[in-house]
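Single chain ahead, written as structure tokens, the form predicted alone.
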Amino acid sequence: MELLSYDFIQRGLLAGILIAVSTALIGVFLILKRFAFLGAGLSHAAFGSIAISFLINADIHLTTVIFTVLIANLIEFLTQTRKVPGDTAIAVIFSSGMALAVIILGIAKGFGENLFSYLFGNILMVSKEELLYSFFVFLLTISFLLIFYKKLLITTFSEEIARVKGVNISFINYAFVSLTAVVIVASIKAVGVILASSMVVIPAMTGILLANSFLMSLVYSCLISVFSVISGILVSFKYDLPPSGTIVGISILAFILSFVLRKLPLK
């Protein structure tokens, strides 16, 4: 309770919880759509846009969000046209984002330390503006799922059935990948570019393993993600550990435990 008296701990916990719920919710849909690798591709593409922001002295959040949303829609476009397989498109974007950041580092000297801080993130250093952004992302995620839940659900499990029911599949897919991009940008502050996709995939997969229904998989994934963030922040502060690694490490332990429990014979 003494730790909660610090303002930066309070901001970190609140931002972490908001991000945890957002990433967990979209993570379940991404996994079931066989698009889990999208998080990694977008986070590394975002790293390139962060480098651009430093280079042109632009607002990091705004530039990164716009760039990452455009990249997400490009991936979806390439996938829908079937000219490039989804995993291939993501791999290309994944590599391009990192290459762009490295090139910019070579061109412009002096901000390498600030840029590389985004590789690993630090939820304990979240600012009030970043907390507000996390809250906006949380509201956007909840609103999107409430409005388009049934259509997104049908599209996730069977696009053929969704098409028969008159669902605008293209709109749903483009809107969903755009939302994913916005959420990924928010998660970078929590765990960094390298581990951002972990927040999206690991708690969601754990929730799917534990649940007996789709709705419960959403609930479990949110609970596990929030638990990982809260315990990760507190443990990292108490034992002077990197918050990002601690958060993801705890979520991995939860995944391993759920996998073991699923394999145990029921009496």
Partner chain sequence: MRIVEVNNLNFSYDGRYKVLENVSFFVEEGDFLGIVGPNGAGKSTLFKLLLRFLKPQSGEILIFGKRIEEFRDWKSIGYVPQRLSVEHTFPGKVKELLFSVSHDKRETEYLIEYLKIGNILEKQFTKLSGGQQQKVLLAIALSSNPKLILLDEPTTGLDIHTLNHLINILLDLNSNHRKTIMMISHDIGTLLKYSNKILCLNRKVCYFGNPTGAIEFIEEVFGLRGILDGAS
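Note that this is a predicted model, so its numbers are computed, not measured. Numbering follows the first chain given and starts at 1.
The same protein also exists as the form predicted together with its partner chain; that form is not shown, yet it is the one meant from here on.
K.L.:
Leu74, Leu153, Leu119, Ile172: which sits within 4.5 Å of its partner chain in the predicted bound form by any heavy atom?
P.N.:
Exactly one residue meets the criterion: Leu153.
K.L.:
Since exactly one of Ile142, Val164, Val102, Leu132 fits, which has a heavy atom within 4.5 Å of its partner chain in the predicted bound form?
P.N.:
That would be Val164.
K.L.:
Given the stretches 27 to 35, 224 to 232, 55 to 63, 42 to 50, which is the single one in contact with its partner chain in the predicted bound form, using a heavy atom cutoff of 4.5 Å?
P.N.:
That would be stretch 27 to 35.
K.L.:
State yes or no: in the predicted bound form, is some non-hydrogen atom of Phe136 no more than 4.5 angstroms from a non-hydrogen atom of its partner chain?
P.N.:
So Phe136 does not count as contacting its partner chain.
K.L.:
So, Ile202 and its partner chain: in the predicted bound form, are they within 4.5 Å at any heavy atom pair?
P.N.:
No, Ile202 is distant from the partner.
K.L.:
Would you please decide whether Ser217 lies within 4.5 angstroms of its partner chain in the predicted bound form, comparing each non-hydrogen atom pair?
P.N.:
Output for Ser217 is yes: heavy atoms within 4.5 Å of its partner chain.
K.L.:
Using 4.5 Å between non-hydrogen atoms, is Ala211 touching its partner chain in the predicted bound form?
P.N.:
The answer is yes: Ala211 has a heavy atom within 4.5 Å of its partner chain.
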